[in-house]
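Take a look at this one chain, the form predicted alone, written out in C-alpha cells.
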Amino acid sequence: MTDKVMSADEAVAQVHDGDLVAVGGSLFSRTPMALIFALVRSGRSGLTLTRSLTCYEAELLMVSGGVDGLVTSWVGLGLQWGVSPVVRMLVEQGHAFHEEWSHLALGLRFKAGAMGVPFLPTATMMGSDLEARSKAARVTCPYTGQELLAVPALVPDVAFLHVHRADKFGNLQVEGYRHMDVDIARAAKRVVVTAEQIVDTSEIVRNASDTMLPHFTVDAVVHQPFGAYPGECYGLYEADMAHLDSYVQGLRDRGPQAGVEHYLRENVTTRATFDDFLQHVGRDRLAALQQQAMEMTT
C-alpha cells in the first residue's frame, strides 16, 4: 500500500501514445473531465477512446489530435442535442474510425476483460447490422446446441474514473449508480482516478459498503473537487446544461471543427489546470449546481 495521490498531469503520464483509453461514468454522469482536459494538454496521440455512452469528451480529444478511434455504443451530448456532428464529420472524412457495439455487448466486452476470459457469449446484436460490422463471431453452445454471438474481451491500457471519495491508497467510494466502472477498472492494465474528496482510510472502513474498488486495482489518485464538471456527480452537483448548450451553439455558429477548437482555446489549452478552468466558470455558478443537487437528494 503506497501513497498514490498526485496531480492530474502526473497521473495522465500513465497514458502512452497509441493506448486504448477507457472512460468511466456514463454520458455526463461522473465523467472524469479533469483527466480528459489534462489528456488534451498532454499532447498524446494515436489513442483509441472507449466508453459505453460517450459524451463531448470524444469530440474534444478527437479534434485536439489525441484520439483517432472510438469504440462505443453511443456518442453525443444527450437526446436533446442528438448524435455527435463532430465525430460524424471526422469519420466521414477519413480522419478517424468509429467501431460501434450495442450497449450490452460493450458492457460484456468489459466484463470479459475483467474476468480474464477471451470472450463472453450473448444473444444481443444477433441478426443486426452491428453484428455484421463488428469483430463478434458466431459460436455454438456445447450444452444446448444454441447458436450465440461471442463478443471479444476488451482490455484497456488505461481507465479514467471519477469518484466521490478515495483514500491516498486508492480505495474508492461512490454514491448512486456505478455504471460500468467496476468492470472497466478490473479489465484495464492501469487505473487513474479523480476524487471529490481524499479521506482517511478509517472513513473508508466506516462506510465499507460504499467501496466500489479496492486499492490494489488503482494506480493514481487525483484530488479534484468538481472533477466531473460540466457533468454531474450524484448528490454533489448537477450537470451545467447551460454550459453544454453554449458548447453546442458554438458548433452551430462556427461549424463542428472550428467550434470545438474555439472551446478548447477558451477552456482547456489556455488553462494550466482544471482549477483554473473552474475559476473561469465562476464560484456562483458552481454553487448553484450544488444547490440543485441538494434539492434533488434531500
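So that there is no doubt, residue numbering starts at 1 and follows the sequence shown. The shown structure was predicted, so the numbers you read here are calculated from the model rather than taken from an experiment.
Below, we refer to the form predicted together with a further copy of the same chain, which is not included among the displayed structures.
- Between the options 136, 193, 154, 158, the residue in contact with a further copy of the same chain in the predicted complex by a heavy atom within 4.5 angstroms is 136.
- Checked against a further copy of the same chain in the predicted complex, the residues 120, 199, 220, 71 give one hit for a heavy atom within 4.5 Å, which is 120.
- For the candidate spot formed by 251, 258 and 281, no residue has a non-hydrogen atom within 4.5 angstroms of a further copy of the same chain in the predicted complex.
- The closest heavy atom approach of residue 108 to a further copy of the same chain in the predicted complex falls within 4.5 Å.
- With contact defined as any non-hydrogen atom lying within 4.5 angstroms of a further copy of the same chain in the predicted complex, the contacting residues in 141 to 159 are 141, 142, 143, 144, 146, 148, 150, 151, 152, given in sequence order.
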